[in-house]
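Form predicted alone, single chain, as structure tokens, below.
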């Protein structure tokens, strides 16, 4: 049984289709991120799951119960908003208690739940403060705590880190992951930030123009993008056109003629189209001799990014981007190697 199941959801506004036949199954305790650019439909889907929007078509199930027409206040969900949505005139303790009081949870059980959540979120010394007396990180923890005390089957996050600075964003991200796993919560997390998605998620659902383009675990969706959109949106990819020459000498090898020369690619596909796009990540280069693919070009631009150099290399008429950690390799010309398993054949 799944904690959450979304079946064939469609959302139309007059002539605009925000979501088109979206389906998703989420297991108990799983952390799934809805990732994509602005306008892709991820927030609309989150609001449909929470009950704030009723879909044009399709159904939402929580613990196998159809809740499509159930109002948000009676669904077994809790929401952490981007703006925290704390009551400014209530103390931290009153904010945390609000939902429990509304649901008429008895005093003894309420105190027990609050004590546990307050301890886990390290809010003991902040209970009498008002929200405007807290830092951004503390406010986010209160918002998270207010959701946690409800013991929801599904906890929903609407870009909860977007208002925080870079250092605070990292620490709160770690805290969210720790707390979600500690309470074994099923989490749906909306963001447009690929680093958040990759670091937090058990699985990522990448949306584009109202549809889920690919859903996989973080490593798979990063290393094996399905198409050009996924390759470009997640991480730094090079995408080049190529024509199939022949099958390689070894099992699962294919040989292509590309804009940067002949390329040997490993693919378990039974057949490959004559004209394809091949993708590879900028960091997937080596400078040790390899029998797979040797690439030679002239350096056009170098940018220092702290942990590495981002280097733009002209190979024939094509500009490719590689990441280099050793400055001594950066001469006018550069030779690097690509492993055949790091090259991916993309769908259209």
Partner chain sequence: MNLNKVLILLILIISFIWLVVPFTMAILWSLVDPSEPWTVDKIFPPVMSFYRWNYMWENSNLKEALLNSYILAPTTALFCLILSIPTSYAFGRLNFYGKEIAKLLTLLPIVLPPFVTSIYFSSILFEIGFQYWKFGNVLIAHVVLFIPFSIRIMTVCFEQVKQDVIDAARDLSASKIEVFKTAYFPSLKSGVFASILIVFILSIEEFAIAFIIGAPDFITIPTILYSALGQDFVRPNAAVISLILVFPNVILMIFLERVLRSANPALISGK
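The model shown is predicted, which means the values in this text are computed figures rather than measured ones. Residue numbers count along the first chain shown, from 1.
Although not depicted, the form predicted in complex with the partner chain is the subject of the following passage.
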* Are any of the heavy atoms in residue 186 no more than 4.5 Å from a heavy atom of the partner chain in the predicted bound form? -> no
Notebook entry, point to check: Might residue 99 be said to contact the partner chain in the predicted bound form, defining contact as any heavy atom within 4.5 Å?
Noted result: yes
Q | 4.5 Å heavy atom contact, residue 73 to the partner chain in the predicted bound form | A | yes
Does residue 222 reach the partner chain in the predicted bound form, with heavy atoms at most 4.5 Å apart?
-> no
In the predicted bound form, do 242, 262 and 288 all reach within 4.5 Å of the partner chain through at least one heavy atom apiece?
no
Assert contact_stretch over 89-97, 203-211, 224-232, 188-196 against the partner chain in the predicted bound form, heavy atom within 4.5 Å, equals 89-97
Partner-free chain; cross-checking the partner chain in the predicted bound form, the single residue of 79, 180, 278, 161 with a heavy atom within 4.5 Å is 79
From 272, 168, 255, 130: within 4.5 Å of the partner chain in the predicted bound form by heavy atoms is 130
Across 51-66, the residues having a non-hydrogen atom within 4.5 Å of the partner chain in the predicted bound form turn out to be 52
